[in-house]
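Just the one chain here, the form predicted on its own, laid out as structure tokens.
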């Protein structure tokens, strides 16, 4: 009898310990991005006096607009269990396309629309290949990274296409009232992404496919169509990011966007999106973008060399993926 009682007490204590551990894990899981962002903001405010100024903070938001737009598209793709390594090259192609069209005399609204269509078609092609041929997204998008980069260099002959039109420059440099136009575009894209992902049947399908593709198929979801649509949508959004970047640079450069796909992936993962699919939010992605943008800005203010910045950002990406892997394993064991 005494043995049974002591065994029961021991089991009760073990259950309490497990519950406390689970509670702590949930708190860390839900608040880790917010805590990380707050700590980074405080650290940068302390170590450099130039960081916490209105002009610099507005500049951070403006510079983060392109990354944020890219990250919204990447969030959809990663939630389905996919990846897009061609995002940087899509930026270059979009910037080159819109700049070339404007220089050729095409009206700016039409040039922008055609560029977005081109981006959508690029995404549609990748999505079709991935979903119908069962080729891993990593391979398809890696190949497209090279192909699109080559197209941009061939079209421009390695020379940026300079756009002198003042109206076009307003997209990346202008203001709507007191707010930079690029930030307004970023907010609109983020809101559209949030509404699509959280309040539509399409968004529910995206989550379901990422969580369990076979179960989604058995539930009657057209998995191929949804995955293809996600990449097409992503391509169109990447084109918008390319247009904003080209406007800010006043040119379409084949080198623009190089390596930006890694920043976008890091921002999405830092924001809590599961790299293996099925989980993520646009709100989390926005915080991930803020972390990457503040880190970039702070390192520039501290005059850290570009080579050292690459190493630091690489460590951040590795850390984000490692934490994501730990979270996935922890949830699988619960």
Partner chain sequence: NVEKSGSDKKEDGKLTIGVTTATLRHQFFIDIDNGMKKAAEEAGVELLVNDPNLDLAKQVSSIEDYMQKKVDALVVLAVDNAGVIPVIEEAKDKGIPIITADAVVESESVDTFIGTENYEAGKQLGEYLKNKVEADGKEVEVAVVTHEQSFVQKQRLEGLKEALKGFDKVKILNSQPGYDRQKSMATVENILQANPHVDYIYATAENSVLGALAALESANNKHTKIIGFDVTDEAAEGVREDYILAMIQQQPSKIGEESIKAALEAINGKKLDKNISVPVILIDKENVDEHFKK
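Residue numbers count along the first chain shown, from 1. Just so you know, these numbers come straight off a predicted model, no measurement behind them. The term rigid core refers to the maximal set of C-alpha atoms that superpose within 1.5 Å between the two forms.
One more form of this protein should be noted, the form predicted together with its partner chain, which is absent from this view; the next part is about it.
| query | Okay, which stretch from 156 to 164, 181 to 189, 112 to 120, 97 to 105 lines its partner chain in the predicted bound form, with non-hydrogen atoms inside 4.5 Å? | reply | Looking at the partner contacts, the answer comes out as 156 to 164.
| field | in the predicted bound form, residue 301 touching its partner chain (heavy atom, 4.5 Å) | value | Although its partner chain is absent here, residue 301 would touch it in the predicted bound form, with heavy atoms inside 4.5 Å.
| According to a 4.5 angstroms non-hydrogen atom cut-off, is residue 66 in contact with its partner chain in the predicted bound form? | Residue-level check for residue 66: yes, a contact with its partner chain.
| Does residue 59 make contact with its partner chain in the predicted bound form, using a 4.5 Å heavy atom cut-off? | Yes.
| With the cut-off set at 4.5 Å between non-hydrogen atoms, does residue 243 touch its partner chain in the predicted bound form? | No, no contact at 4.5 Å.
| said: Going through 292 to 312, which residues have a heavy atom within 4.5 Å of its partner chain in the predicted bound form? Please give them in sequence order. | reply: Stretch hits, in order: 296, 297, 299, 300, 301, 303, 304, 305, 306, 307, 309, 310.
| query | C-alpha of residue 63: shift of 2 angstroms or more between this form and the one not shown, rigid core aligned? | reply | The answer is no, as the C-alpha of residue 63 shifts between this form and the one not shown by less than 2 Å after core alignment.
| message | Rigid core superposed, CA of residue 301 - does it shift 2 Å or more between this form and the one not shown? | response | Comparing forms between this form and the one not shown, the residue 301 CA shifts at least 2 Å.
| task | Answer yes if the CA of residue 53 moves 2 Å or more between this form and the one not shown after aligning the rigid core, and no otherwise. | result | Superposed on the core, residue 53 moves its C-alpha 2 Å or more between this form and the one not shown.
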